[in-house]
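In structure tokens, one chain follows: the form predicted alone.
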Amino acid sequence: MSRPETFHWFARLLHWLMAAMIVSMLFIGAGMVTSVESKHTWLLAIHKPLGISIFVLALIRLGFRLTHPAPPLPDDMPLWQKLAAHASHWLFYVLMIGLPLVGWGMLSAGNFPVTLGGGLRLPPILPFDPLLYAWLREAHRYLAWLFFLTYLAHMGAALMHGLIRRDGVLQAMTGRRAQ
């Protein structure tokens, strides 16, 4: 299979849709843990279905990525940057799938329902266990911070490719051809 110059339109759509969802989720999560007001319940009602949506879209995106290769990185890019790029993308997949699962498991262990709205309730994936709940809550928090830091590195790399190197890497995800 030949390697395309840009990402497939469906991959780009998923990328930008999920980017908006993930940035929203990070802000919602930060707002949730710093609020004890009525906003907490409202934010939590958004956080759960948004997390499950990200999880489902990440599975779709991973399946699509495995069957539709990404454009090649520039030949003149240093090997360490290529390795970092590949590692960070796989870390994103691990976090997009793992973080919602940890959250779902945390709520299950705390005996809290995972409701998606409209009366739809997901089954628990772990047994009630307060100690496990506490451990998973900390894991969820640290993984969210790792996600945020990975996101910042990703944005920095995208800007470097788009504004400094001008090597077509950013354009591959925007769908525009490099000048």
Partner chain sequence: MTDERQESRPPVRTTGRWVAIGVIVAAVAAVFGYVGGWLAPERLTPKRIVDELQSTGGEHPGFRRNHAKGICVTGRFESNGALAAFSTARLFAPGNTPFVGRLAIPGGNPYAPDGSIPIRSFALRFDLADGEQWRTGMNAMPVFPVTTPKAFYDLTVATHPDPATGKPDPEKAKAFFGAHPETGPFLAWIKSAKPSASYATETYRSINAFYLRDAGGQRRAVRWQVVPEQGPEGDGGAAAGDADFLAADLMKRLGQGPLRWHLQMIFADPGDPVDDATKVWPDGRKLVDAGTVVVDAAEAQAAGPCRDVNYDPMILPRGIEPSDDPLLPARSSTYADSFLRRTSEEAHVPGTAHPKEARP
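Positions refer to the first chain, counted from 1. As the structure is a prediction and not an experimental result, all values here were calculated from the model.
Here the subject shifts to the form predicted in complex with its partner chain, a form of this protein not shown in this document.
Only one of L26, L126, L50, L57 comes within 4.5 Å of its partner chain in the predicted complex through a heavy atom, and that residue is L26. The shortest heavy atom separation between P113 and its partner chain in the predicted complex is within 4.5 Å. Shown alone here, A20 lies farther than 4.5 Å from its partner chain in the predicted complex, counting heavy atoms only. At the 4.5 Å threshold, heavy atoms of F64 stay clear of its partner chain in the predicted complex, well away from it. When its partner chain is considered in the predicted complex, M160 lines it closely, a heavy atom lying within 4.5 Å.
In sequence order, A30, G31, V33, T34, S35, V36, E37, S38, H40, T41 are the residues of 29-60 having a heavy atom within 4.5 Å of its partner chain in the predicted complex; the partner itself is omitted from this view.
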